[in-house]
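First, one chain by itself in structure tokens, the form predicted alone.
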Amino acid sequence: MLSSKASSNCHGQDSLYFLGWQVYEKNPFHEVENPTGIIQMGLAENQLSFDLVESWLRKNPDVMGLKNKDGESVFRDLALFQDYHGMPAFKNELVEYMAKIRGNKVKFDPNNLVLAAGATSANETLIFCLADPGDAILLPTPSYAGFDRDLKWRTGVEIVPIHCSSSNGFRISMFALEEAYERAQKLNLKVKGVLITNPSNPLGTTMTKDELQSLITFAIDKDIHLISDEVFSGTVFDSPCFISIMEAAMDSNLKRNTDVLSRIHIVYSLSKDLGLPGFRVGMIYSNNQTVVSAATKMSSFGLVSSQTQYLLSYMLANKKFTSNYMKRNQKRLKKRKEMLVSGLKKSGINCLKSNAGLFCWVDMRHLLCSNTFEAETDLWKKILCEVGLNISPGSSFHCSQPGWFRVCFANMNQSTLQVALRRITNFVERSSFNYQQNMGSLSRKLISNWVRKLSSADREEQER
């Protein structure tokens, strides 16, 4: 009775990443009203600098009231505006903001920018432009849990993982890249591109210029596309600095290949950097005019409202505000990340060294009862239901090694994070106590059995 799409189970909603949210929503933590509830640490949302945005809005009531610089209402114009190419003023400010985040080392042409209703829509639209159903995209793992939904659910495109390991900090090796490409070929899948997240979600790390240029060279050699999801580019709070794929592509040796820029595409949004996920502002940037044209046509299925574009064009045009916001936001993110890392370390839990993002990639392998994903799921259930923390297990990010978790720190206030850290500390102490008890019981049992065997041996000797 229904379409195969409606009946299919490939949306990814059954992932532990999403299931944790569902459990949280039934019992959310509140400092006063529900202090024993579950604390949401599975949501990569930036609330640390929301006050800066709110302050700007209070100082610019005319923009909020949809009035121009002369105080005249522009409501009628905005209510009727529906051009899916987007408002020129907003696109101009958006590309300037993107360049600013990248230290103005690269410039972006607003004519190469396509607006979309968030990065989710932008990623899916770009996949529609680059691949057909049954084609494949190579994706380094661990990777964002929502990509199963964003990249393949409606497009019909297959995802082939590039397996990265903790042995080198989950960096993309050329061996792993070639292995994934060969695996796709053995499955008779036509590889159309590689998609990376830089800074990485869930790792919170940035890629070096050498790594990016190796990926570009790989894409050229294989005659495929390279997509760089850079939605966390403005969250880089520590060295090394962020290097965009476009900056890496401007290397003189790579520029000799005139086709290189036509196969490189960027996805960006204001959800993470400005903390505005509800505004649904995403974009695709590409030097490939066929991609820009096709994506622009598809954008009519997921437009950014004219009211939102109008408001944000004024906000981004205020260079003093954007400069202040970027500096203070990065400083706050660094301080909050250090608070989480320090608190976990006191509990004997280490994190992957990171310099960006709204989360940490946390190593809990020593808390597993066995080196299996079943043990990881059991640990996740305990932390969710008994400890009251919704963190995301590595398996939901397709991590090839059990025991890693993504833990978010920017979607809560400092006091809530302190509660979360106390809970995890108590949990680790209880686990250690139970382990020592069990080991003590096992030791006593072994000694008892040993004494019993000795006594039995003595009796047998006497009887002889």
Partner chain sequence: MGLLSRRATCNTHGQDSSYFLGWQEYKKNPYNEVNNPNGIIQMGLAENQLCLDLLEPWLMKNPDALGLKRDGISIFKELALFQDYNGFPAFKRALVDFMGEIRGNKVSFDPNHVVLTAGATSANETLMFCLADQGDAFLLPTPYYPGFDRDLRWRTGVEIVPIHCTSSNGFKVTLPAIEQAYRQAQKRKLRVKGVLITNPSNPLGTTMARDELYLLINFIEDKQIHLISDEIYAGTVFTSPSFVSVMEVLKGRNLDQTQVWERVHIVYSLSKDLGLPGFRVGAIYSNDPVVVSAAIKMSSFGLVSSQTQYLLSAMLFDKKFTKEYMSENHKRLQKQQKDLVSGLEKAGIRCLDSNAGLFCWVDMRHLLKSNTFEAEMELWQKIVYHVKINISPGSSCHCIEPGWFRVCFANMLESTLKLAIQRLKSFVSSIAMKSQSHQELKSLRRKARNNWVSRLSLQSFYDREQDTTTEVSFSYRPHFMSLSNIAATLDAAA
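Numbering follows the first chain given and starts at 1. The structure presented is a predicted model; accordingly, all values stated were derived computationally and were not measured.
If you look for the form predicted in complex with its partner chain, you will not find it shown, but the lines that follow are about it.
Novice: Let me test this: is every residue among His30, Lys91 and Leu352 within 4.5 Å of its partner chain in the predicted bound form, going by heavy atom positions?
Specialist: Not one of the three qualifies.
Novice: Given that the partner is absent here, does Gln82 sit within 4.5 Å of its partner chain in the predicted bound form, heavy atoms only?
Specialist: Gln82: yes, in contact with its partner chain in the predicted bound form.
Novice: Taking heavy atoms and a 4.5 Å cut-off, does Asp150 contact its partner chain in the predicted bound form?
Specialist: Heavy-atom contact with its partner chain at 4.5 Å: present for Asp150.
Novice: Flag Arg263 as yes or no: does it have a non-hydrogen atom within 4.5 angstroms of any non-hydrogen atom of its partner chain in the predicted bound form?
Specialist: Residue-level check for Arg263: yes, a contact with its partner chain.
Novice: Given that the partner is absent here, does His225 sit within 4.5 Å of its partner chain in the predicted bound form, heavy atoms only?
Specialist: Yes, His225 lies within 4.5 Å of its partner chain in the predicted bound form.
Novice: Under a 4.5 angstroms heavy atom criterion, identify the one residue in Gln307, Thr208, Thr377, Ser323 near its partner chain in the predicted bound form.
Specialist: Going through each option in turn, the one that passes is Gln307.
Novice: Among Lys192, Arg171, His163, Arg183, which has any heavy atom within 4.5 Å of its partner chain in the predicted bound form?
Specialist: By the 4.5 Å heavy-atom cutoff, the listed residue in contact is Lys192.
Novice: With the partner removed from view, which of 30-38, 391-399, 43-51, 417-425 is the stretch that lies within 4.5 Å of its partner chain in the predicted bound form, judged by heavy atom distances?
Specialist: One stretch meets the cut-off, namely 43-51.
Novice: Using the arrangement in the predicted bound form, list in sequence order the residues of 53-88 with any heavy atom within 4.5 angstroms of its partner chain.
Specialist: Heavy-atom contacts within 4.5 Å come from Val53, Glu54, Leu57, Met64, Gly65, Leu66, Ser73, Phe75, Arg76, Leu78, Ala79, Leu80, Phe81, Gln82, Tyr84.
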